[in-house]
Ligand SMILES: Nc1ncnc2c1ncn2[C@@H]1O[C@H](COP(=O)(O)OP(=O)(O)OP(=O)(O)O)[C@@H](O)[C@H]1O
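Encoded as C-alpha cells, the following chain is the form predicted alone, with no partner shown.
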Amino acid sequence: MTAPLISVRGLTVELGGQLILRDLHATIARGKITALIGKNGSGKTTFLRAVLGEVPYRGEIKFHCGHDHSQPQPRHIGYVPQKLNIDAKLPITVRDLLALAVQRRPIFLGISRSTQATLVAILESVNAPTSLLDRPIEKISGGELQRVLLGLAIQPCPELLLLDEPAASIDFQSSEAFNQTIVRLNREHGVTVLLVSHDLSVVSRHADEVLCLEGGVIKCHGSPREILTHETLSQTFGTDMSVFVHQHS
C-alpha cells in the first residue's frame, strides 16, 4: 500500500454560516494522481483551499513530507485554479505575470537577464511557445493561459500539485495536451497530484485513485476501476446520469 502524503481527519469547514465540509476523513497517496469527483457544490474546491490553508477549518490536515516524512508541510505546493480573473483593462503581458511571481525586485525596475532565462524555462517546461511572453494576458487562449499557470505552479518542482478543473474551459486538443503534461510531471518527477475534474474519461485514463465527495464528506475511495461504475456514479451524481467511461489501464 502506498504511503500517504496527506492525512485528513475530521476536516470541517463552515463558511458564511454554511457547513461545506463535515467531519471529512481522507488520505492522498504519495507520488500518485488522485482525482476528486462530485457534483457542483459538494465541497471539492473548498477541500483544495483547506489543504492550501486558505480557509479556516477544524480537524487535522497532516503532511508526511521529506525523506523521513517528518517535515510539517511540503516545501512547495503548486496550484492551478479553474480560472484566473484578471481585469481585461490591465495592461499586463505573460512576461510581466511570470516576472511578478519569480523576481524579487519590482518589475518596473526591469527584468534581469537571469529572470528572463527563467521565464523561458518556465514556458518550455510545459511545452508552451516562448512567443507568448510578449503577448497580453487578455489576448491568449484559455489553453495557453492554463499552461502559463501550470508553469508557475511547478516552479520550482512541487512535492504536491493541486488542480481545480484546470482544463474545464479549454478545447479538447488543448486539454489533452495539458493532461499529458500533468502525467509526465507525475511519472518523471514523482509529483503528487490532487485533481478536481468533471471529465470522467480523463479520470479513468490518468488517475491512480479516486475520491467521491458528496455533501461535504468522502463517500468512496478506490481505483478508477473500482469507483467508476454505474452504481457508484449514480449514487454520486444522480440516478439519471448517463456516462461513458474509457477502459482504465
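Note that the structure is a prediction, hence the values are computed from the model and not measured. For every residue, the number given is its place in the sequence shown, counted from 1.
Although not depicted, the form predicted in complex with the ligand is the subject of the following passage.
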Would you confirm whether the three residues Pro129, Ser175 and Gln180 all fall within 4.5 Å of the ligand in the predicted bound form, going by non-hydrogen atoms?
no
Please pick out the stretch from 219-227, 32-40, 199-207, 183-191 that is in contact with the ligand in the predicted bound form, where contact means heavy atoms within 4.5 Å.
32-40
Taking 4.5 angstroms as the cut-off for heavy atoms, does Ile20 touch the ligand in the predicted bound form?
yes
Flag Asp96 as yes or no: does it have a non-hydrogen atom within 4.5 angstroms of any non-hydrogen atom of the ligand in the predicted bound form?
no
Check Glu165 for me: does it contact the ligand in the predicted bound form (non-hydrogen atoms, 4.5 angstroms)?
yes
In the predicted bound form, Ser112 touching the ligand (heavy atom, 4.5 Å):
no
